[in-house]
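First, one chain by itself in structure tokens, the form predicted alone.
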């Protein structure tokens, strides 16, 4: 097996676990628009990482963290609706990213791969980064599982029991920012949200408990990502769209199965 294929598969498995588990909370908390806003900030993170010389991973986490903090701060003030805040940040981040990348990127930047993913760009250091983030996110989800689940399913009860809503909201958003930072090279900036919301949307049809939904979402994400990678290499097409098409096919099949069960 070629080295780049093995690296792609390893990255795909790691990203599937990250996106599949966090995506369930995105669905439960109805935060798909937030994940879209953070994914748009990824382009700005890439450009700042290149400009500073510290690398795109540092830029992605730094910018994602800053945007997450600013969004939470504005949401707490409650002078604008959540969708308005997210829409403002989403478009500002994307526009800034395009402008800064045009200024610092030069001719060596492959804009298409940043937007839609590129399996050939994955290196050994990227694999280390993916699995480092995986360990952090799985550790945080395991430790805070009950509290995050309570805040997600019954926020009023969680507040009554003294859980700090703002802290856990910020923690979750920072985890989304980490997930975005490892997903850019596989699915690209514009399609990261699909990896977070489609697998849990499929799993929701079959799962009976929250934990079942998480594990099924991870499995579905793995199947779709590996299928998309295979199609991308075989047909020489962009990685991100190939993965999203695989997810789309699985989503349609899940809805058909759900419809038959209801009849």
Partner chain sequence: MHLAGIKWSLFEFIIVTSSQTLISAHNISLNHHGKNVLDKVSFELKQGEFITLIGPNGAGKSSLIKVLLGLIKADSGNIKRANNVRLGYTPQTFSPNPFIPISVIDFLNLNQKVEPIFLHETAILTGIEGLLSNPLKNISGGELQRVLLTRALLNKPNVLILDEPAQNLDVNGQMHLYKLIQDIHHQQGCAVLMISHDLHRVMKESTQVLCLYHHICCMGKPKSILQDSQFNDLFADQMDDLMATYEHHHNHCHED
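Residue numbers count along the first chain shown, from 1. No experiment lies behind these values; they were computed from the predicted model shown.
What comes next is about the form predicted in complex with the partner chain, which does not appear here.
Contact assignment for the partner chain in the predicted complex, among 80, 153, 104, 98, heavy atom within 4.5 Å:
None of the other options qualify; the answer is 153.
Just to be sure I understand the contacts: of 213, 201, 44, 220, which is the one whose heavy atoms reach within 4.5 angstroms of the partner chain in the predicted complex?
It is 213.
4.5 angstroms heavy atom contact with the partner chain in the predicted complex for residue 159:
Although the partner chain is absent here, residue 159 would touch it in the predicted complex, with heavy atoms inside 4.5 Å.
Distance check, residue 28 to the partner chain in the predicted complex, heavy atom within 4.5 Å
Close contact exists here: in the predicted complex, residue 28 approaches the partner chain to within 4.5 Å, heavy atoms only.
Going by a heavy atom distance of 4.5 Å, is residue 163 a contact of the partner chain in the predicted complex?
Residue 163 belongs to the contact set for the partner chain.
Hey, in the predicted complex, is residue 146 touching the partner chain, heavy atoms inside 4.5 Å?
Yes, residue 146 is a contact residue.
Spot the stretch among 229 to 237, 53 to 61, 28 to 36, 191 to 199 with residues whose non-hydrogen atoms come within 4.5 Å of the partner chain in the predicted complex.
Heavy-atom contact with the partner occurs in 28 to 36.
Enumerate the residues of 207 to 244 that have a non-hydrogen atom within 4.5 Å of the partner chain in the predicted complex, in sequence order, or give none.
In sequence order, 207, 208, 209, 210, 213 come within 4.5 Å of the partner.
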